[in-house]
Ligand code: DC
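Shown below, as structure tokens, is a lone chain in the form predicted alone; questions about how it binds or moves come after it.
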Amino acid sequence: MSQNIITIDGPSGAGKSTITRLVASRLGLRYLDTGAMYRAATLHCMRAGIKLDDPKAVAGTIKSLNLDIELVKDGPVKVRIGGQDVTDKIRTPEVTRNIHYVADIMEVRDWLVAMQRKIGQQGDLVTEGRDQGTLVFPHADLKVYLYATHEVRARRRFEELRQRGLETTFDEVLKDVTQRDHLDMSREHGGLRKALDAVELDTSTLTPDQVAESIVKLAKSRLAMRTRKIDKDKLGLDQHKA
């Protein structure tokens, strides 16, 4: 059994980042945004000036990626490439549109998944992405799958970009969200799928606080059940010894 690992998967714009940060804060766990890792890999390749539709070139370029992920309590993940803070730079529409080229490559996914599992070895982690409950941490204590309508997710992304001063239109964002869903779900390795034992939550009409509170209650319930099972097993072992 993993040690206090909660996975939160779902499509872009479902509210994973905000909700995962809230859950981690309320439970006193670390927070990992795996999407930031794929964004960093994409930015690195874009800066290298290679053809992103050339898998061999991307796989070769990733070998030179000096990626540092700092898990900050009660805050967003800090991302550095070669010591330079790129936390904001990885969130541009250009990176979003190109991320699928990099995320589709097996060598990239293997490298980042290994990095994610190493981070998870310490336990006490809430991690979000596309394949956390299905591939990276299949034995997590609690798996959650968040979703919302295309329109709701596009509106959230549109408002986020506007607040950061990035020029775009709602139609462009909606197109990007729809295309991203198709690419994520059709990916052969590490694609977007709901784990069979995941709890589904529709965030379309709920606030981040409401969703986070639901997950916190689920997590505490699972922890209580696990504690009772451990106590029961211990009692049985003690009686056997007697």
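Residue indices: 1-based, along the sequence shown. No experiment lies behind these values; they were computed from the predicted model shown.
The same protein also has a form predicted in complex with the ligand, omitted here; what follows describes it.
Participant: Picking from 63-71, 178-186, 197-205, 45-53, which part of the chain touches the ligand in the model of the complex when contact means heavy atoms within 4.5 Å?
Facilitator: Of the stretches listed, the one contacting the partner is 178-186.
Participant: Within 4.5 Å, heavy atoms only: does residue 99 come near the ligand in the model of the complex?
Facilitator: Yes, contact at 4.5 Å.
Participant: Residue-level question: is residue 103 within 4.5 Å of the ligand in the model of the complex, judged on heavy atoms?
Facilitator: Because a heavy atom of residue 103 falls inside 4.5 Å of the ligand in the model of the complex, the answer is yes.
Participant: Can residue 91 be called a contact residue for the ligand in the model of the complex at 4.5 Å between heavy atoms?
Facilitator: Yes, residue 91 sits close enough to the ligand in the model of the complex that at least one of its heavy atoms falls within 4.5 Å.
Participant: Taking any heavy atom pair closer than or equal to 4.5 Å as contact, tell me whether residue 30 reaches the ligand in the model of the complex.
Facilitator: Flag for residue 30 set to no.
Participant: If you look in the model of the complex, which residues in 151-169 sit within 4.5 Å of the ligand (heavy atoms)?
Facilitator: Result: 157 alone.
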